[in-house]
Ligand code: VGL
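Before any questions on how it binds or moves, here is one chain, the form predicted on its own, in structure tokens.
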């Protein structure tokens, strides 16, 4: 059986790295690891995603009167976290980390552009029904296996991995090439257990 592999680099953007508005610990440390993975040239397709929010996005605490960042609220798409303004379309913070090698990228997938709906997963928006188009792209190119890296391991990488399994892809998370928010405390460990229980395989970059 011909196995075609895709690397999905999730949201390695300035706002998620130290100094950004929603900085994640180790967000910049994983960039050289990702570049080393890219240099192996072991993937048939390489995709990078960007959070790409309008300024009036409902997930921003600033757009929800009486609330502050990291409050939990209910919306039409379920229970959501309110975040600091981040990755606003066209801004400095929405750019990829300067050190990330963009030359090998086949496509850039931008998500979270609907002001009323967040999009954690690379495959589906948070209503769990609206597709981003990634599933069709991967199937069109015969991809059977996906490797996930990037930010944040317990949010966008987590939901992307669950959806990848759901859509029938063999799914790996590259454990030394992800960084997490860990909100609430312990979320990374809990979500990693969920991923493993659903068939996601954790791998170190040196074993790819």
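Remember, predicted model here, so these are calculated numbers, not experimental data. Numbering follows the first chain given and starts at 1.
Beyond the structure shown, there is the form predicted in complex with the named molecule, which is absent from this document and is the topic of what follows.
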* Asked: Hey, of 33 to 41, 151 to 159, 164 to 172, 137 to 145, which bit sits against the named molecule in the predicted bound form at 4.5 Å between non-hydrogen atoms?
  -> 151 to 159
* Asked: Would 11, 22 and 86 all count as contacting the named molecule in the predicted bound form, using a 4.5 Å heavy atom cut-off?
  -> yes
* Asked: Can any non-hydrogen atom of residue 120 be found within 4.5 angstroms of the named molecule in the predicted bound form?
  -> yes
* Going by heavy atoms, what in 25 to 61 lies within 4.5 angstroms of the named molecule in the predicted bound form? -> 51, 53
